[in-house]
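The chain below stands alone and is given as structure tokens, in the form predicted on its own.
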């Protein structure tokens, strides 16, 4: 009997080269292999008579070979092997391309099971390259529900299936049972051995459904227990409660009135800061919803209690803008704001760091320079991370280590449905700003084809002639990445040389050096450029109130939520703003998705639409730092199972003795492994 964590080299037919190919899929051990689940299934269990086969519908049938297979050499690289088969209902022609070996494997007058897709026209019907097995042999490729696995070069489906079956026979009995028996009984779950056997070789679709339900529940349960333990561990971290100043003093100093959603978020933060435990809170709000003033309130409360706050921004120019804006908001309240970025001169950094260490600054705004060894805080009590998805958990932790268990506030401008946010950020408390400040204008959005190019170019020129600026976003950086995509470099050159030779066109993309990117964005913000051609590097950028038009090329290549973020770069000033989506894609689902953006400016509504249309995998794009990927479960389709697993996890963690008992060590090890993988450690 093999062990779960033996190498796949243990298997017959898996040598060094094939083991490397398996490794490219993340499969190193037998356990990795049996945990490599099928992406779909083909029903080869239902046997049809030939007369009932339908065109373009794969099916399994039983037939005799009624002619000697003959191979014809058509030309170099093309051989055809043809034969006829028959059952009691009809005859059928079979054709095999470049599979001359079938002439030896299919014997005249012998009976086989076949699986393939009927095709034909006025010349007659046939099946091309069917799978076949003799009737007297076990059904490995026919007469069963066939798992279809994700593939890579060098690994075909039958090879993976055979290898999985070998692994199951060798080590399945060694598989630990992670779910308590009482829990399995309560939620009607099969045991682990049955689940793994039936996910790979289901005897029926009912057995497959039971296996999937068990594995989805287990996956969500492990994730939920892990998050619950994280929440419980940080809940035990106590610290001195802040005294709350009169919020009316803060509001009186603002040049605008707070929205109800902003007041609610500030109230939740204030309760955390005065509660005697370490705050870990996510503030999620749409583009332009006013998250910065909420962060300012948290920094003000911290400063009033003698502490320091640090705000880490993803780009230097955004850090500079935050510092300027927060100085205007908090300076009159006596909060001293300092800036620390990597591009500052050594003398400037030295001065800033001295002010930070000497507690001559209450709120320090910066980039990754904040977490360098040279930066010391006098009393760091609050860490604020702007645009949470740009920072990994490790980076936030590195900044937090500059203080003694400081409070943590993370901000995200990527609105997602609340239920989903509670899952994804389960170790954080959640505040949602779902209300835009008065006067925040909607942006008119239009979906156009290439036939409107001249018209849009004229519109761009009109915006510039009125003293405004324009963003043009391309999905690729340079030519050659994908011939069907507009590239930023080539398009910027075309616009400058041929379309707008009299206007100032600038370029910004991710392959530019950091200093070049900062300089390009700063020049655009100062009004020194009329048009900025860029990639999605501007998705999180600086406010340019004078920019009134966003043009997005190949808009169908972006997710709705990403398009919404890009659109949010305009509409920040008093002038009417617009967004133009260029797409030549005529796919009905694609058009439906893009038109949804034209109908609403509500980021939460857009995110719901994006999730429904594209599913969670595409919806999130690049995985959030610190989040494990789900192999079987779908955040969209398996919500009830998720809720059951969360309930079960909460009960499990709240039971004092359960998580620590020896029989649950395999479960705890799996949780640790899951979160360690997600963190990349």
Ligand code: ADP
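Treat the numbers as computed from the prediction; the structure is a model and nothing was measured. Positions refer to the first chain, counted from 1.
Omitted from view is the form predicted together with adenosine-5'-diphosphate, to which the following refers.
Trainee: Between 147, 290, 307, 226, only one gets a heavy atom within 4.5 angstroms of adenosine-5'-diphosphate in the predicted complex; which residue is that?
Mentor: Of 147, 290, 307, 226, the residue with a heavy atom within 4.5 Å of adenosine-5'-diphosphate in the predicted complex is 290.
Trainee: To verify the annotation, which of these, 588, 346, 124, 438, has a non-hydrogen atom within 4.5 Å of adenosine-5'-diphosphate in the predicted complex?
Mentor: Result of the distance check: 438.
Trainee: Decide yes or no: are 187, 191 and 665 jointly within 4.5 Å of adenosine-5'-diphosphate in the predicted complex, with each residue judged by its heavy atoms?
Mentor: Spot residues vs adenosine-5'-diphosphate: no contact at all.
Trainee: Report whether the minimum heavy atom distance between residue 258 and adenosine-5'-diphosphate in the predicted complex is within 4.5 Å.
Mentor: Within the cut-off, so yes.
Trainee: Considering only heavy atoms, tell me if residue 602 and adenosine-5'-diphosphate come within 4.5 Å of each other in the predicted complex.
Mentor: Contact check for residue 602: no, nothing within 4.5 Å of adenosine-5'-diphosphate in the predicted complex.
Trainee: Since only the chain is shown here, I'm wondering whether residue 543 would be in contact with adenosine-5'-diphosphate in the predicted complex (any heavy atom pair within 4.5 Å).
Mentor: Although adenosine-5'-diphosphate is absent here, residue 543 would touch it in the predicted complex, with heavy atoms inside 4.5 Å.
Trainee: Do residue 572 and adenosine-5'-diphosphate share at least one heavy atom pair within 4.5 Å in the predicted complex?
Mentor: Taking the distances in the predicted complex, the answer for residue 572 is yes, it comes within 4.5 Å of adenosine-5'-diphosphate.
Trainee: Exactly one stretch in 579 to 587, 490 to 498, 147 to 155, 291 to 299 has heavy atoms within 4.5 Å of adenosine-5'-diphosphate in the predicted complex; which is it?
Mentor: Stretch 291 to 299 is the one.
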